[in-house]
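Coming up are structure 1 and structure 2: the same protein chain in two forms, each one given alone as structure tokens.
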Structure 1
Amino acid sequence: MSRTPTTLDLPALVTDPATRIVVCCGSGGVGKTTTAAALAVHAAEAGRSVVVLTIDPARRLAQSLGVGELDNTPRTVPGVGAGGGRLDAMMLDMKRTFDDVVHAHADPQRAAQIIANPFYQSVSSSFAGTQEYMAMEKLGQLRAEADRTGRWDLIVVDTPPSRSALDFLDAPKRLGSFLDGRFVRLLAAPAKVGGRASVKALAGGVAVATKVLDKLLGAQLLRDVQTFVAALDTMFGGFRERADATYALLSEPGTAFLVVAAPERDALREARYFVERLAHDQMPLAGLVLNRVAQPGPIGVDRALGAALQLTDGEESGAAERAAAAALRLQASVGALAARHRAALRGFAAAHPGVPVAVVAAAPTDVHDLEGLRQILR
């Protein structure tokens, strides 16, 4: 049984016109944003019209993409597009995205009312999962714009870091089910549906619950929630529907999920979780991006160490000999690291033989400019 995984050809993936959406997911700090940006640059330079949605990019990367100012709108990246393509980049502003959703669906007066509601402010700026949810909302918006205007034929999305869960898959549902939650419905019910039988049956329990929560949290909070949900309810076809639409978009065949991972054993264990979860949800997984993999030098570890020893053996070894020996020793330790990375990859491949893998070499320093991004896919 071969333990060598199939190769995932990233340039081919993003230049294939059938690929419409690429989603980069993975644990914190593995290189999701960098990978998303590099793929977007590559596709644009191959002639596609691309938009990349980044989440909290490193400051210098944001600056090189021209999105140093957070304004939630795609801006064309200067210096990309010699090949007839174009790259637009944006950085997600979750609060603003939420506000936009409200504005798009309510008349100005009502929108202002909702946006001023303290409960709304809390949810839109910090509900666990709001960032994930708004990333998916934004993806839906970008896709709608792409379909309407033909401005983009490829959308590359970055996701917030998540380890033990695919939060961006779950968050819309979580927020949706919260707002569609039974208690919220019941709270909002008196204002709308009046006396439906099913509601009446629970009314006693709700009255008790409301009293207790009022005491516990202060009466104002429940009132804020009530007005918030009532206001929201009249204008949305329910959060759940929006969440479902995004979810459907993600499972389309034109979508390609990439799980980005660091080449360490523990990190790959997490990557396996992502792979399994995507499979479980029948999301189109394109493969694993193994990022920052150490590259062995041109000669083997033992040979390099032996040569280094020989070079510094003689008393009268000169500066060039000493430098060569030092560089060989360094290559040997990187070579040992590279062997460990390969072993970690074999472990992954044994567990998931069907998942293609792209190996991305570790650059010596951080990647924060266009040239660095171009290097990544070489």
Structure 2
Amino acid sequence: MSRTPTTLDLPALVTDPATRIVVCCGSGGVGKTTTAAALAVHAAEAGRSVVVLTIDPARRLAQSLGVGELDNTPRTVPGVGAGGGRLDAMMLDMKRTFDDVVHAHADPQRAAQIIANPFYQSVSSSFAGTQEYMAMEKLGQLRAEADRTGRWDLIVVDTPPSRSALDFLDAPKRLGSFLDGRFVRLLAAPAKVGGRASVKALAGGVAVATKVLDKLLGAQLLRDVQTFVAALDTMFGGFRERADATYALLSEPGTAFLVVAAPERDALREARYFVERLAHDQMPLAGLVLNRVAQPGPIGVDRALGAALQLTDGEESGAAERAAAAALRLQASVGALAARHRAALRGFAAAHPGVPVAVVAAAPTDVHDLEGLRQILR
């Protein structure tokens, strides 16, 4: 049984002082970055002090906000905040954030050893889950600075363009488990004990495993891993603790998750998974943002097709009639698409009747400036 969902009031959400963090999540290519930017602009122009964090490597946020370049440091967006607010924007630099974590939790000598290690350089720039983990790290840092200095009263997060929306919640724990896991500790055992004596002492178990891994990974990579983990030993547990702390922050009442989707089968399936996961984890879901929804024309599909047929049914139809018929057929195709989108929305509402929905109509062109972002919230 299909039903019409309740309406999600996005402007009210981001202007409410009780809302401290808004997390835009969803599968790739559904408009998370544009949604996050539009929400941040609206909140700033309503008088709030906002920072928006994007993890979009295509730099679409910088282009939309009219900022030439974004990096790991929040930068003020010009032309926003006439109502007394302000907007800062930044783009996550995954490796720099990881480097900052190392410097913050290790003495200078050990930090230098870790950062110079080839295995660390690989993990910090390309290991699966690192981007999502560092997004969590940066969110925690921004919230700590906001609490300490009062610089921002709202943080808007555009989550990574992962294959699956669930990666944002799962990857930090996976990376923490890897860095704090038995397998990595096994690799590190000879380096931690030190010298040839340790290899002999551990010959029964570790040497066998090392010999196999030596063949699979190569001797130099294995040594790099062992050296990396030995240098990182004082930080073990810290990765998981900080991930747990930020995870707890995300479950607080001042946080609002927005699941962003397009009115397409795969995107809505991802949205359903995420809604169910948030409910399972007792995370505060504000609702669904359904982007790029086609709007029906002034006349119905059947009527438009019938009129097009009448205009071209006869030997006397000319160029004007053919052009009008083509326009009517185009309107009919858009109307049919709008009907499919409405059906998809009703199907989502039937499966999740308690989830409010904000519908964003499909725009004729891509959003590429501040005025386009303002139009979304209107």
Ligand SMILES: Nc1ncnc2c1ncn2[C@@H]1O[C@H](COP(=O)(O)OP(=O)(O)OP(=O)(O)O)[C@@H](O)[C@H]1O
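Quantities reported herein were computed from a predicted structural model and do not represent experimental measurements. Here, a residue number simply tells you its place in the sequence of structure 1, counted from 1. Take the two forms, superpose them, and find the largest set of C-alpha atoms that agree within 1.5 Å; that set is the rigid core.
Shown second, as structure 2, is the form predicted alone. Residue displacement note: residue 64 has its CA displaced by at least 2 Å between structures 1 and 2 (rigid core superposed).
The two forms, fitted on the rigid core, differ between structures 1 and 2 by 2 Å or more at the CA of residue 297. Relative to the superposed core, residue 352 undergoes a C-alpha shift smaller than 2 Å between structures 1 and 2. The two forms line up on their rigid core, and residue 333 then has its Cα shifted by 2.8 Å between structures 1 and 2.
Taking the rigid core as reference, the CA displacement of residue 323 between structures 1 and 2 comes to 7.0 Å.
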